[in-house]
Ligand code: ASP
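The chain below stands alone, shown as structure tokens; this is the form predicted alone.
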Amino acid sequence: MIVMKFGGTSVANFEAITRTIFIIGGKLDQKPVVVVSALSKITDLLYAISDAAAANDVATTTDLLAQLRKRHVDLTEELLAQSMLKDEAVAKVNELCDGLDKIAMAVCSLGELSDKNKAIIISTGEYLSSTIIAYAMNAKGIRTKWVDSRTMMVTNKSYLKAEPNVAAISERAPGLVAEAYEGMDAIIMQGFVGVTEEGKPTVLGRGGSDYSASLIGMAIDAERIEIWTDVDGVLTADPRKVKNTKYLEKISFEEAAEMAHFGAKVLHPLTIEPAVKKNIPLYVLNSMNPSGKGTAILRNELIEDGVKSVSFKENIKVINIFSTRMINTSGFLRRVFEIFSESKVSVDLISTSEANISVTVDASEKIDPVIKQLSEFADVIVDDDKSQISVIGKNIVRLNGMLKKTFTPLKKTNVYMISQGASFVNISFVVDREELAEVVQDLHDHLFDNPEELETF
């Protein structure tokens, strides 16, 4: 079996879904388990519906619900125009929309939105898209079974950013998938959605469909996991910020994980971990260019040494913690990071000296409680409007001249913090946000124009 995940742009409209079904049809001999996202922009619309309902804005809620229904009904009728399944499919889409209307208007009347109800609302997009595509696949002669992911995607009770229970998923998924496949050419499921042990709906958070696909692939021992998107693979940098980027034919699991964590947008940061557990090859492919090679993400020994990417996080804060109590004192670091953990604030980079700790956090993190607690025993300074840049590649710290090549373009730039990964996969540093675009472009040009200058030692 293989797992094929299609993102929102791959199922955006009639043309995109037709292409997607064609791609799936070419892989039936590999028994595809298809995982789909909501149609492009629909999750944003569902968030807007939940916000309007919570604000008791009946007019806006009603208008947005009508927009959502029309888009899905129109798409269903277009895809199934010549099929005997059209009326049944339209009825099912309307039934799903009726359920959404009911819960949204209930929230509207209360003027209060629980996390559980919000999870139900924003997950509706995946149920609509998977239902429509399942009908369209069957209309094309591909015997397709629609499967509810919540029968196997067990999570904790964090309704809007749920953490999967890997053991429970691994126990449930193989049998359910095998049963669903009886007499079928393919099965289709939803990404992003989950359920607690008690059966209450959850979601995995933004971008969670990639993660869903990887978890399912791990659980069923898939031969490969394919992430179909709207780009030809993983690039050496974000093309929206950097000119002359290049596609990477293959990278390691570790490199991909670092890229995702440090700002690359192609993969959800957690996607890599389940594939690594079973050594399942993962491919990033372009549904708009199905014949393209894409990028293969493989185990470390199959990948050459060298720089693969310049990634970045555009808006971060640097928190500097100074205290003479650090000197020759055990337990100080533990106390500091317990505070971050208790406040659920994620730290990216860490740099320490005898009496100082510097860390970076995303600018969206709520750090006031952290600063308050740290200030009880240390001097704390927060630097805003900073950006974090990471040079990522296998064994880059062992490359002769790597540090010189990395920092040569930074001669006229203020560097506030430097962090070198212990795994030899990344070198990261912090600069002023206003200088990010120029620094990233200069660094990318410098690293990728003359890669032959670097040799492993």
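Please read all numbers here as calculations on a predicted model, not as lab measurements. Numbers follow the displayed sequence, beginning with 1.
Beyond what is shown, the protein has a form predicted together with ligand ASP; the following relates to that form.
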Heavy atoms within 4.5 Å of ligand ASP in the predicted bound form: which stretch among 387 to 395, 407 to 415, 35 to 43, 66 to 74?
35 to 43
Answer with one of R206, K243, K293, R299: the residue that has a non-hydrogen atom within 4.5 Å of ligand ASP in the predicted bound form.
R206
E258 within 4.5 Å of ligand ASP in the predicted bound form, heavy atoms
no
Stretch 179 to 195 - residues with a heavy atom within 4.5 Å of ligand ASP in the predicted bound form
F192
